[in-house]
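Single chain ahead, by itself, as structure tokens, in the form predicted alone.
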């Protein structure tokens, strides 16, 4: 996926997101969520702009953007695949699930497929221990994974 070209049109869109959240007591999180929903990630230039417009130190904006796992600070694929690495998933084969996904997608952890469709990451917990091993693609969780199930799930996104 190509990086966002930050131009006047982008700044106008960001300004409208800021205005839509102006009545909030602490609008930063909502503003970053809005930008992320529109662009898929939080470009550094845009975060600097938000810092100036909200009169918040850039370190705080970057701190919030990098603290929450649902924010990306780099371009990512249309579909974000997160593999759960918590204890139950680990014991039940999460590392094997990660290996299979790397092979199927021909990418490493933290990379995006050449077509910009998938980005592969690990996460500490998805909160679905009862169906371990598990992964999440965007907002949908898939559990009880094995090689066959992974191929079935990936086919849904092709």
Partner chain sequence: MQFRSKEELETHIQRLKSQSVTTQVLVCIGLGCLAKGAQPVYNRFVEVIEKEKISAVVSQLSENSRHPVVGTGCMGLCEAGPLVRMEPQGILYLRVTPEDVEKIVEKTLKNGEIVEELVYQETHHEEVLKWPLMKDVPFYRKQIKIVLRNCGSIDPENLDDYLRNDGYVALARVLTEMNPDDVIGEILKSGLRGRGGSGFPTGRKWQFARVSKSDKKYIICNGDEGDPGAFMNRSVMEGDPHSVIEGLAIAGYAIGAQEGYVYVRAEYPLAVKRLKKAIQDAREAGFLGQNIFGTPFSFDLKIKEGAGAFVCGEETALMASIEGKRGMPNPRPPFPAHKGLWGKPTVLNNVETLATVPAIILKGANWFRSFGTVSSPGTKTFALSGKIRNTGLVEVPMGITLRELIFDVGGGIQNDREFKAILIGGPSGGCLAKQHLDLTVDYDSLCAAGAIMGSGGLVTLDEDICIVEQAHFFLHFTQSESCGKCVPCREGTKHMLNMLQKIVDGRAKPEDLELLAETADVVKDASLCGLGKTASNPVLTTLRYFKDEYLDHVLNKVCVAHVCQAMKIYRIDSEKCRTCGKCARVCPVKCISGRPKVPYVIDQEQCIKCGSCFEACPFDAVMVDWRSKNHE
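Here the rigid core means the biggest group of C-alpha atoms that line up within 1.5 Å when the two forms are laid on top of each other. Positions refer to the first chain, counted from 1. Keep in mind the model is a prediction, meaning the values are calculated, not measured.
The form predicted together with the partner chain exists for this protein as well; it is not shown, and the discussion that follows is about that form.
Here is the short version: of 28, 98, 105, 47, the single residue with a heavy atom within 4.5 Å of the partner chain in the predicted complex is 28. Among heavy atoms of residue 17, none comes within 4.5 Å of the partner chain in the predicted complex. Using a 4.5 angstroms limit between non-hydrogen atoms, residue 123 touches the partner chain in the predicted complex. None of the heavy atoms of residue 57 is located within 4.5 Å of the partner chain in the predicted complex. At the 4.5 Å threshold, heavy atoms of residue 136 reach the partner chain in the predicted complex. Of the residues in 126-145, those that come within 4.5 Å of the partner chain in the predicted complex through at least one heavy atom are, in sequence order, 126, 127, 128, 129, 130, 131, 136, 139, 141, 142, 143, 144. With the core held fixed, residue 69 shows a CA shift of 2 Å or greater between the shown form and the other one.
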